[in-house]
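First comes one chain, alone, set out as structure tokens in the form predicted on its own.
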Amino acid sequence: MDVEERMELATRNAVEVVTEDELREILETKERPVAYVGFEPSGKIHLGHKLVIDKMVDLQKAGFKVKILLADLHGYLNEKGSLEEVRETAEYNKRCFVAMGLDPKDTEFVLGSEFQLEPDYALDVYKMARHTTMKRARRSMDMIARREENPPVSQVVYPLMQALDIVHLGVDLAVGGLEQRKIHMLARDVLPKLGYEPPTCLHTPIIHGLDGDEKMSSSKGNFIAVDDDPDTIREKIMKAYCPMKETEGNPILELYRYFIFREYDEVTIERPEKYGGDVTYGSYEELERDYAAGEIHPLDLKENAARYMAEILAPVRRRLGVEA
């Protein structure tokens, strides 16, 4: 692939790149650039995680070496359990990420505690704290923590560590969901004051929960897990929020946009002849247009999304050793 083909692969389904010129320069000048994303170990790996892992798979195909940070110390600071409990969860997460298609030979999994307890890292945390206002740190915090009236100090340290993870892992491209943007902008602003280069950042969309909530989350139960069986997938999708003709914030349309059309060049909405019969689309934009015009009923959209998502997740379930 030439640079432009690699750029197209690297940026598909991305919300933004800060900046595209920097990313292009990385591809032109680095023989083996490094892309990274960090995950706080959580109990259930769902489609929100898959959206980011799919992007890391794209980056591997575009020539990047991928580093996945399993942020056990972050999880501990965020009160997700003892370090031992968080690390146990991290091992399960690692298995899920490989099952989703990451090349294990080209992926380096790193526990945060392997480097975040080193003196140089700790000193950088203190240095960064000197250059970051409390207002800026709070603005960069996790959305739930920002809403707390009196969050623990650990929640303020958390975004500083996320910024420093980028440089201490030797990263060329930092990847994260759009909710990570404030942290990445903090890193671009403050890391140069510590003598580091500002990181290039790529942001993926935040997909809505099946209930229409602004974010899919295991804590809210509004998700499809990557190891859900076909019956569970269908049950969840059939109950999901999917207003007639509405395209903004519609989680079922997002399944088509970010997952189904990623895997299939053509997508067929199967339906009875009395309702118009089967219709095939060559792009998400065509499907969205017809849905907005009322040409596709929400029930047909859901039935076919369930069928396609079960097919897409079947290989993941097999790799995890779960009956497909």
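Residue positions are given as counts along the sequence shown, with the first one as 1. In this text the structure is predicted, and so the values were computed from the model without any measurement.
A second form of this protein, the form predicted in complex with the RNA, is not displayed here; the remarks below concern that form.
J.: Among the candidate residues 178, 83, 123, 238, which is the single one with a non-hydrogen atom no more than 4.5 Å from the RNA in the predicted complex?
T.: In short, 238.
J.: Between 243, 192, 170, 249, only one gets a heavy atom within 4.5 angstroms of the RNA in the predicted complex; which residue is that?
T.: Partner contact (heavy atom, 4.5 Å) among the options: 243.
J.: Using a 4.5 angstroms cut-off on non-hydrogen atoms, would residue 150 count as touching the RNA in the predicted complex?
T.: Close contact exists here: in the predicted complex, residue 150 approaches the RNA to within 4.5 Å, heavy atoms only.
J.: Would residue 33 show up as a contact with the RNA in the predicted complex if we use heavy atoms at 4.5 Å?
T.: Output for residue 33 is no: heavy atoms all beyond 4.5 Å of the RNA.
J.: Looking at the partner-bound form in the predicted complex, is residue 300 within 4.5 Å of the RNA by any heavy atom?
T.: Residue 300: yes, in contact with the RNA in the predicted complex.
J.: Using heavy atoms and a 4.5 Å limit, would one call residue 264 a contact residue for the RNA in the predicted complex?
T.: Because no heavy atom of residue 264 falls inside 4.5 Å of the RNA in the predicted complex, the answer is no.
J.: To test your reading of this chain, name the stretch in 52-60, 65-73, 291-299, 38-46 whose heavy atoms come within 4.5 Å of the RNA in the predicted complex.
T.: That would be stretch 291-299.
J.: Under the 4.5 Å heavy atom criterion, name the residues of 263-288 that approach the RNA in the predicted complex, in sequence order.
T.: If the 4.5 Å heavy-atom criterion is applied to the RNA in the predicted complex, 263-288 yields only 275.
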